[in-house]
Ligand SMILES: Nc1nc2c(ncn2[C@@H]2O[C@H](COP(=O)(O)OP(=O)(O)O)[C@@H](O)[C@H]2O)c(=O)[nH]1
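The chain below stands alone and is given in structure tokens; this is the form predicted on its own.
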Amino acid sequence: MKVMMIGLSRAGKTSYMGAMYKRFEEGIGGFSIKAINSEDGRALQKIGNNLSKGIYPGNTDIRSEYKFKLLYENSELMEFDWTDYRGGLLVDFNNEKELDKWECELQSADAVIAFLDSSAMDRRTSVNRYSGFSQMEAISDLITRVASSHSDNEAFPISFVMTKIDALKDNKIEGDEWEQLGELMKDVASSKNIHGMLTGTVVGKECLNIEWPFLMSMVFGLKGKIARVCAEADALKDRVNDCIENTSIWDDISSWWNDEPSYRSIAYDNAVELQKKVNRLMALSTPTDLLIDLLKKVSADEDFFMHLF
């Protein structure tokens, strides 16, 4: 599974990454993550620990890629990649080769998390900060093209994360960019295969809502994993049935004589593999259902700034 983060520089992606890792390394509702590369884990731990002291990471404009394991009750559910492309690329239109590579990776992603700096939602402010482009102008067209590249039968989650909501004046979000975001949300909501989330986050000594974009991505990652295991199980079941139909005493004897596997032995081996797939489905189904129920419950809670659409 591949999760892609997009957002302009200074949108708070690096801080979110450190806070999210710290939160899920500790675990929530039985779910936790672990960095496959121990050096990555230590680097993210450092960011998360510094945030709890009010120390924020410096601005970064580099590509970062991490590999994690998603665990439930310390049992591995799946591995996933988490990639953050440098934010400056969104407005670096002279770098066509890197832009093409980035868009290709986005189109192959299983989930996208788009970061929006809520403190720069005022068009005049954001245009000055982002080389003549508002962050919504830099992101919305790209998301629309990525979303359209996925088939109607392929569920695809996009989470919109509004960072730094604690810095909003009078807790109000106004301006052209907010209206643009509303239109983009309507487009996503009307799609047959795109599933959206909007949430406001705070990262620092105290964090708010950092769990939900990650869990939204994991829900669809697990559902995709279940679909693939189901397809593999169906193929094994068909193979077992075909072998059983061709099983006979004569085949047993001729296979033994020619030192070849008989249909009976092939059916048995495939039946063993089928049972492993069934066990895997059972292990994946319960955590997935728990995550879905958790997201639905939180999205209906007025105390949280989180909306599913």
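Bear in mind that the values here come from a model prediction, so they are computed numbers and not experimental data. In this text, residue numbers run from 1 along the sequence as written.
In what follows, reference is made to the form predicted together with this ligand, a form of this protein that is not presented.
J.: Of A167, C104, A227, A189, which residue is found within 4.5 angstroms of this ligand in the model of the complex when only non-hydrogen atoms are counted?
T.: Result of the distance check: A167.
J.: Between G27, P57, G41, P261, only one gets a heavy atom within 4.5 angstroms of this ligand in the model of the complex; which residue is that?
T.: Only one option qualifies, and that one is P57.
J.: Hey, in the model of the complex, does V203 get a heavy atom within 4.5 angstroms of this ligand?
T.: Yes, V203 sits close enough to this ligand in the model of the complex that at least one of its heavy atoms falls within 4.5 Å.
J.: Taking the shortest heavy atom distance, is K22 within 4.5 Å of this ligand in the model of the complex?
T.: No, K22 is distant from the partner.
J.: Test of understanding: in the model of the complex, would S15 fall inside 4.5 Å of this ligand by heavy atoms?
T.: So S15 counts as contacting this ligand.
J.: Does S285 reach this ligand in the model of the complex, with heavy atoms at most 4.5 Å apart?
T.: Looking in the model of the complex, residue contacts with this ligand do not include S285, since no heavy atom lies within 4.5 Å.
J.: Going by heavy atoms within 4.5 Å, which of 176-184, 230-238, 69-77, 158-166 lines up against this ligand in the model of the complex?
T.: The contacting stretch here is 158-166.
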